Each structure stands twice: as C-alpha cells, then as structure tokens.
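Next up: a single chain in structure tokens, the form predicted on its own.
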Amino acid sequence: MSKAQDRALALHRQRFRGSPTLVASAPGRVNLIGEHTDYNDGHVLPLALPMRTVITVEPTDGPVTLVSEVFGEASFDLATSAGTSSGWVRYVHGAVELARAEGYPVRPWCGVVATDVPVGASLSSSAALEIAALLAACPAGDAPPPASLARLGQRVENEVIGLGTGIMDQLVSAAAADGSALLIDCRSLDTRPVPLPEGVSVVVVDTGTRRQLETSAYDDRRADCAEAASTLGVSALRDAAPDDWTKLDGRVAARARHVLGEQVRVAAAVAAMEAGDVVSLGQLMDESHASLRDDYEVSSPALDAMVLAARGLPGCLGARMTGGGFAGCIVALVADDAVADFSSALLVAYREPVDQPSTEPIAVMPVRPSRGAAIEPVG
C-alpha cells in the first residue's frame, strides 16, 4: 500500500466516519525523451512514476464531497458545470462532467484525495488527479478504457482548465506497464512498452523551482509549431522531413528544428534501449536538453545548473530537463552501482542560481518504471 493510500484511508475514516468501497489510483510521470512532440502528433517515451495520486470512494446520495490533505474540502453537484468550481477540485469536477456527457455511469461519492506526486514539478500531478478522478467517478467495471481515460483527461486540461496540452501525460498515467517506459504515438494513441536496459536507473531530480503553466509561454510554443506546420503544408510537424526546418525563418524555424530533431531522437532512444546501448541513450538525452534550451527556449537557470551538475558526476550517462519547462525537474540516466553516490553528491555539487531560487525542497529521487492507473484493494 502506498504512503498516499495509507494517509487517504486514515483521513477518510476520520472525516466521513465510514469506510471507502474502493480506492482509485493513478501515477505521475517523467518523460525520458520526446519533449513538446505530443501536441505535434509525434512520439514520446515517458514512464510512470511509483509516486501516485489516490482518491478514496464511498458512494453517497448527496453532492460529490472531497477532502484534499493539502488543499482542504470542496464539493459539487453532478448537475452543475465545472465552471462553477475553482482550484484543485475543478480538475475533478471537469472529469466528472465530461465523463457524464460521454454516457459513463457516474455516481456521487465522498472521499479523500492524497498524493505523493510533487505538485507543480513537471511530473504530471494534474494528469494523475484527472485519471484517478475518472476511475473514482465510475463504478468498477464501467470506467473508460485507458485510451478513452486519456482523451477525457486531456479534454479536462484543454476545455475546462484552458491549457492546450497534448495527451502524453494522461495516456502514460492510464496505460503504463510496470518496469517499462511507454512509447506513445500521439496521433494514433498506439502504445508499446520499452523496458529500461539492465544496469541503469532513472533518477528524477526536483530543483525545487516552480512555475504555473498557465502563465508560461507554453501556448506561444504551440502556436509557433502550428505556424511551422502550416507553412510547410503538413497537418502536424510529425509529417515534415527532419531537415524541413531549413525552409522556415527565425523563431519558428528554431521551434521546428527542436520538434523534428526530437522525433528522430525518440526513435533512436527506443533503438538504443532495445539494444542495451545505454551510452547512446544518455547522449540522446544530452542532445535533447541542448535543443530544449537553445531552440525551444523552455529551460531555465535552475534546470541548466542541475543538468550540468549531474553530468559532472561519476556514473551519470546523460541528463535533461523534463516536462513543460521553465522550472521543476530534470531526469538523469545513472549506472546502477553509482546511484547512491550520485544522489548524495548531486546535492553538494548543485549551485542554486541567484536568479531562480528554490521555493520547495530540492529532492533526488531514484525511480523505477511503474504501472498505470488502477482500482486498488481497500484492505
């Protein structure tokens, strides 16, 4: 039983004086490679984290009533629009509203929301909440299948929250395979598990810096990609040739160069993993970071400093920023026998940039690829 699940069950019994009938659970994610390619209909290679968001479920005749261990209590009626909710519960309300509109048998419930996924750290805490909420809202056996879960979760981001995000986060949270990264075709939604090679570990490092995606330049980058695709006469940048960025100018050319190069890097990373070539995989991660920093311009002083510190330590094969950018986490590929020393040495080697101080604790988290969303046993 996860720590989040332990806390959720204890708080549920304390607050509602009853026992939940089930617990819905969904993981956060870290993306190995394939950044900002999802909304270009491209390929991505994330893995689900062992850190999960859980929601306890006890059916009720009243409104949906939820207690977050961090953000307090909120409730909403099934008949109301998600626009009437605000803050964290709007993600849940949106998931419920969209699931009902699609004909899924949503029922009201009371429950507790708890998470071990760091919030705002580019590890998809929002996707974990959306997918867990969709599982919690539907009776066991009547929940949407993984691809449908992901589509509904993405619609919450796009239509309810107002962010033009792709589908990577929701799909890996819904469909990840234990022990493997998940290769996702973001157009067809086809997925394929890609096992992590032997002898290496994935280490996620939270710089302790935070950003609000709503106020970032995310939508500007998406608009640049749409302009590039239109100029090149393709429906999405995944359909362009790797060197087609040379037909563009200025900022738009740089954005396209990153996306087209990242598509190539994802395919090469899969080949490297399947061949057990961890050196090439690490080099591809390094190249991805340089492209995100220089062409896509979504890195930050803290992310750059943490990547540089990680690469300077023995056993580190490659490192890059991960997620939307501007703050949050990096991901490093580290030899198994060096993980312990790497984790302690990195905290000493990292120098916090004056112009981007940490607002949360810095954390080094060795992780293994985890399973996707599930209904967990209560007992």
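Nothing here was measured: the structure is a model prediction, and the numbers come from that model. In this text, residue numbers run from 1 along the sequence as written.
Below, we refer to the form predicted together with a small molecule, which is not included among the displayed structures.
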Next item on the list: Just give me the single entry in P118, P146, G166, G282 that has a non-hydrogen atom within 4.5 angstroms of the small molecule in the predicted complex.
Entry: G166
Next item on the list: Report the residue, out of Y104, F76, W245, Y218, that has at least one non-hydrogen atom within 4.5 angstroms of the small molecule in the predicted complex.
Entry: Y218
Check: Pick from 60-68, 47-55, 345-353, 317-325: which stretch has a heavy atom within 4.5 Å of the small molecule in the predicted complex?
Finding: 317-325
Check: Hey, in the predicted complex, does G42 get a heavy atom within 4.5 angstroms of the small molecule?
Finding: no
